[in-house]
Structures are given as C-alpha cells and as structure tokens.
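Listed next as structure tokens is one chain, alone, in the form predicted on its own.
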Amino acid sequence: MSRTAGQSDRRTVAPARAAALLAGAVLSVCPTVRLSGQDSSVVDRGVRVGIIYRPGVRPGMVLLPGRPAVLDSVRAIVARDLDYSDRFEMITLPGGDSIRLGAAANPTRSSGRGRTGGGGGEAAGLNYPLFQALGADFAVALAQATDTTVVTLHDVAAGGVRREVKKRLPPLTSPDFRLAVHRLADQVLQASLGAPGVAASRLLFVMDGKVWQIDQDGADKRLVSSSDRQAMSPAWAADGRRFAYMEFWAGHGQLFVQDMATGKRAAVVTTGAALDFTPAFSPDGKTLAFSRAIEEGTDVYTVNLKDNCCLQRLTVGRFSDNLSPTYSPDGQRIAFVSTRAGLPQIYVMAADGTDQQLFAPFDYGVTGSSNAPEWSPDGQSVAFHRDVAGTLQVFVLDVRTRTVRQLTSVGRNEDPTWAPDSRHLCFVSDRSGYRQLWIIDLETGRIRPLLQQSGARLPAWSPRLPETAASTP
C-alpha cells in the first residue's frame, strides 16, 4: 500500500509511521522496448491480411464471416480474445468477392467429419486448400441454431473439424453475457492448442479510491467496492469468488473480504486497530496474510479466515520493515519485502515464518529498492518492480535458478500482476504520458493497453473465473 521514495502503494515498503504510510498511499500513482521477450514500444496487433504477410512461428487463425447479425457481438469478442491470447497470428480475410470461402472445385481434403449439423454450412464444404494458402492452421465458424450458438473449430491442415461447441448464451443485455462468450474463446484455444486460456478472467484495480473490475480485454468496467472509504490493495481468492482489500480511515487500515456475486463483505477479525494492508489469500483460501504497520515498524501477519481466529506474526522487524506477502501456489512459501539489508528487497520464508532468506539477488550499493512481489500461478516465477536509475521497472525472478531479468526498460513501470496462464502480466505504466494499465505477453514481448484512462493503479488479475458466481460463505 505505502511507498518509499515515491514507489507504488501496493505490496511495497512502508515507513514505520502510519502517517507516512498514508501519505505514500494517497500520493502513489509504465514503457517498452522489444528485447527478446521484453516489452515493446510498438503495439503489434498480430494481424495478417489475406495472403499479404510474412509467415510467423505462431499458428494462423481465421475467424470466418457469417450470419446472422445477432452473432456479430459474439464474433467480435471471440476474435479479440483469440488475438489477445498471443498464441495465434490472426488472419483477416479480404473483403468483396475476390476470394471464395466455400468448397474448392475439387475438395479432396474435405473430410466426412466436417458436418456440424449446426446450420453453419461451413464444415463440410470449407475450402481448406485456400485457407492453407492464406497461412491458416485453424478456422473458427460461428452459427446460430435456434437459441444455441454453435462454434466450429476447423483443423485446416487435417481438412476437417477439430471440435464443435454448442452453448446457450445469456441475453446480450445480461451481465453474464461477456463472460460466457469469453469462455467460448477459451474453449477454442484449448481445443486448438491444448492450452488453457485467460479470456474468462478479470482484473481488479483501484481508481479514485474505489475498487473496480474490468474484463481482460479492457471492456465492461464496473465498480465493485461497496463503501465510500478509501480502498486499496485488492487481492483475489484462488476460487475467484471473493476478494480482499483494505479500507483506510483515521490512520487505521481495516481489511475486508467481499463476495463477488452478492457484494456482501465482512471485516477480517483482529484488523483495523492498526494500519493493516496488502492482504494475500493462501491458495486454499483459509488463511489471509497481510502487512501491519505500527510505530515500531511493519511486519507480516496471518489470520485464519476459516475459523475467524488465530492471529500469527511471521516476521519480527527489529528496526526493519517486512511487508507485502505473496503465497507460492502450493502454499508452502511466502515471498515478501524486507528492509533488513537497507533498501527494500525481495525475501522468502516458509509459510509459518521460518527459514527467512534473500530471494531476488541484488548488488549492494548498485541495485535499487525492490517492491510489489507476486508469485506466478505456475510457481516458477515472481514478478516485482525495482528502482533502476531513479525510475521503476518490472523484473521477473526465476524461482528455481534465482536469476533475475528486467522485463521493461522505458518509462515508469510498477505493480505487476500475473494472468492465470503465467504468461501475461498487467502493470501500471506512464509510457503513454499518464499512468494507466498495460498488459505484456512474456513470450512475444507484445504489449497492449488494458484501460486507456488515467489514474488506475494496483491491478490484481483474477484466476480463471468459475462457471457460476455462487456465493462462498
């Protein structure tokens, strides 16, 4: 929440005094070059048009035109999701009658598997040789059969249908419509490459002292915090049904857990008497780790959410600050920030507070302060930001080798948060001239703005969201 030397207020080092912590939080407020998996200042849309392209290493994907018009919104969302997965080169078909999408004159590659029965008419007669010439490895057709949407994935190389998905979508005006379509896109990705997608995920962030949520494609921004008090440090539970956050007032920080479906919230026991902030759920959701700042310093604590009891102190500062916990996916370790070596750096300990040691290497007197750690969902990496020559940049720590690589290099970049695929990161950056949210794909270095609006900060990426948003007691 708080910042040292102008650093971001989420999962970052806090001064010993609560007043200084608040000042850092209220005043807290990202850039790019392509360097082999680093961010790029060029926002590459990853689109090929017709046959005018240079084949790349990613498989080609084309979303077939079609009707009825009621599917236009579905088609637009699915196309964007597949593009934003950064696993395909999206092929845009040329307009007009210059290209025939139907069967070739001698469709020798057409397969008997190709009949959808969904009314699309594409599968049995798709011109597979043509799409191969266009560089497509996969083609997706959308059709409407009464009240059911039919999604057909064509394997162009095999000349047949890889998978057909039938889904009854909520009405276009339903708040559940977009998430249902995002799940369709994830199913296409899973069927084509065997990789789980992140389209059906959302991000929380703080703006104007409130907690908001937004879909991973940058649409459907909604207010989710249910209080007029200053809100900070949102964090998702692993089930995607709850989130925790801190509310600040009169020098105190109270932690709350709120149900995403109902909006009901409950104060976390034993918090609120001091300045408690940067909550982090354990993977099983039974424990909440957090930072507590008092006049003597800042330390990491845990509380048992399941039984609403059992406050435990994991660190003892002794004139240093320890804060911003983040659990490993197996729940066995916690990475955190500590000032015990002077400037704040990334440390790690067992989940019970034992075996505390330096985690991310640094050069004493050369390396700047490091803050805002977040463990990746696959357990292999920890992202954080570090001061480099007076500005903040995002770094990634390899957990196994404990080597660190710099991910960003232009402008101010801070507060990274992992997508559920451990491949994409969202972070705050001022690369466009003001602080906004950006997403980077670590495999290709491609970046895109998530929210083109000033003042957003402290992003937290959800896990893959469950089918139903049932309340969790």
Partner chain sequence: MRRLPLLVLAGLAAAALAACGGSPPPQTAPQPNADSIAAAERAEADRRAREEADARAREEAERIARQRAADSLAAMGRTTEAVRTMLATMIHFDFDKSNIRPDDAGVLDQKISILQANPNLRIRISGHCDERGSDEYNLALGNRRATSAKQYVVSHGIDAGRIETVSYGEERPIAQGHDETAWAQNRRDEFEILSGGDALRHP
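Keep in mind that this is a model prediction, so the values were computed, not measured. Numbering follows the first chain given and starts at 1.
A second form of this protein, the form predicted in complex with the partner chain, is not displayed here; the remarks below concern that form.
Shown alone, this chain has one stretch from 256 to 264, 196 to 204, 336 to 344, 83 to 91 that lies within 4.5 Å of the partner chain in the model of the complex by heavy atoms: 336 to 344. Only one of the listed residues (176, 220, 296, 398) places a non-hydrogen atom within 4.5 angstroms of the partner chain in the model of the complex, and that residue is 296.
This chain is displayed alone, yet in the model of the complex one of 435, 423, 58, 448 has a heavy atom within 4.5 Å of the partner chain; that residue is 435.
Within 4.5 Å of any heavy atom of the partner chain in the model of the complex lies no heavy atom of residue 313. Proximity of residue 300 to the partner chain in the model of the complex falls outside the 4.5 Å heavy atom cutoff. At a distance threshold of 4.5 angstroms between non-hydrogen atoms, residue 248 is in contact with the partner chain in the model of the complex.
Residue 318 belongs to the set of residues with a heavy atom inside 4.5 Å of the partner chain in the model of the complex.
Within 4.5 Å of the partner chain in the model of the complex, a heavy atom is found for none of 216, 393 and 418. Contacts between 204 to 238 and the partner chain, taken as any heavy atom within 4.5 Å in the model of the complex, involve 230, 232, 233.
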